[in-house]
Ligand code: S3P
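Next up: a single chain in structure tokens, the form predicted on its own.
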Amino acid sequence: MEQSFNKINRIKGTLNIPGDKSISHRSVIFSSLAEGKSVIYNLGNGEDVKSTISCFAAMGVEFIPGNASLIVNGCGYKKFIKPLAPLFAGNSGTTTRLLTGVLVNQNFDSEITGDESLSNRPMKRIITPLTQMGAKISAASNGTLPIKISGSQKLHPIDYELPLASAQVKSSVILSGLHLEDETKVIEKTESRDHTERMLGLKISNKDGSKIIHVSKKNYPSAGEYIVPGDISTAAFFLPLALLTHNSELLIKNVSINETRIGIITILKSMGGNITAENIKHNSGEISGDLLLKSSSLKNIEIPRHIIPNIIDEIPILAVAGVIADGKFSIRNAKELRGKESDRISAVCYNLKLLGLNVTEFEDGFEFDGVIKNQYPVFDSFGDHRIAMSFGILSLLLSNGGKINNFNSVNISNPDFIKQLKTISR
């Protein structure tokens, strides 16, 4: 599906964003692990979260839609039933990697498959530590899906230092460690998203500048309530739109402002963005608040290396802000982008070149500057929801608008994207 966008003149209004995708995945997983009834409020409505629900439903978990909530009747410790068919994770890397950490501790064999895009994404990063714990996992020769997991294995705790900052790898090891009597330690030198350890209330220590996360069966989740704040990664697409449109003001209600997720806000404020957080709340171990944005003049800055893991999903929309901002945009140390739903480094560079900008692509990033020469672009989404939304936003800022192909990929994370735009565009 090709989607056309016309230039907008002003942004004004209030947005309520669907539940945070990362927190939604974990709320579903922890509720499924727990025994008995849990309730999740404001669960994310994207296809990825639905994939997680589908996988656990296939293992005996009951999900009942409620009034603005989801009721989950979890199975309890090692009480999942053997699925009748391979578990299909769709396009969701989070589903795959976190689910594997659960499945290696079950008493049955299992298999995880995915769509074409997910089937090309790297899984060795979770297979390595889980194998060190005693799991028996086989994958395709290049370490991709399908993954086959042998059940009824006796696992043991490990001390595992993450070779790269990855919340998914960290969470996979933690979920495995939840099933073991003795303590597993996950060590990270560069902090990644910390939803798993926050929501489980895990013990955290520090040594020689590294963060150490401690987990064992005593941390196994109990049934309860989860209140999911709005998704800051979804809200991120609207931040540059409001900042870079004249005479605009936008209030985004109740979004996650977890310290490991607000890198994009930090960067945009450093670029000159007028962004303030209000009405701060604490629920389910998480922090949320309202974001007020006002029109600003942005200038590109040097993006520090340490912040990259916490803006990795927002780099495409930051690049869009960089197109309109003054000066050269440059980002490095972001090779992880090549292993997402698309090769996002290549995808961003391809689309920026369509505008006639001076673009240099590196193995771990890209840089660009120059004046837009092509006023009638048709951008390629590469079937990637974040690329589609990023260049949809850029199209709204261009003099003659723009078009995006295969735009329905936005359903992976935010099927209401167009509807949301219509409520705030003037």
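When you see a residue number, it is the position in the sequence shown, counting from 1. Here the structure is a predicted model, which is why all the values come from computation and not from measurement.
The same protein also exists as the form predicted in complex with shikimate-3-phosphate (S3P); that form is not shown, yet it is the one meant from here on.
Listed stretches are 206-214, 250-258, 160-168, 286-294; the contact stretch with shikimate-3-phosphate (S3P) in the predicted bound form is 160-168, by a heavy atom cutoff of 4.5 Å. The closest non-hydrogen atom of His179 lies beyond 4.5 Å of shikimate-3-phosphate (S3P) in the predicted bound form. Contact between Ile312 and shikimate-3-phosphate (S3P) in the predicted bound form is found at the 4.5 Å heavy atom cutoff. At a distance threshold of 4.5 angstroms between non-hydrogen atoms, Asn300 is out of contact with shikimate-3-phosphate (S3P) in the predicted bound form. Under a 4.5 angstroms non-hydrogen atom cutoff, shikimate-3-phosphate (S3P) in the predicted bound form has Thr94 among its neighbouring residues. None of Lys335, Lys185, Lys82, Arg125 but one reaches within 4.5 angstroms of shikimate-3-phosphate (S3P) in the predicted bound form through a heavy atom, and that residue is Arg125.
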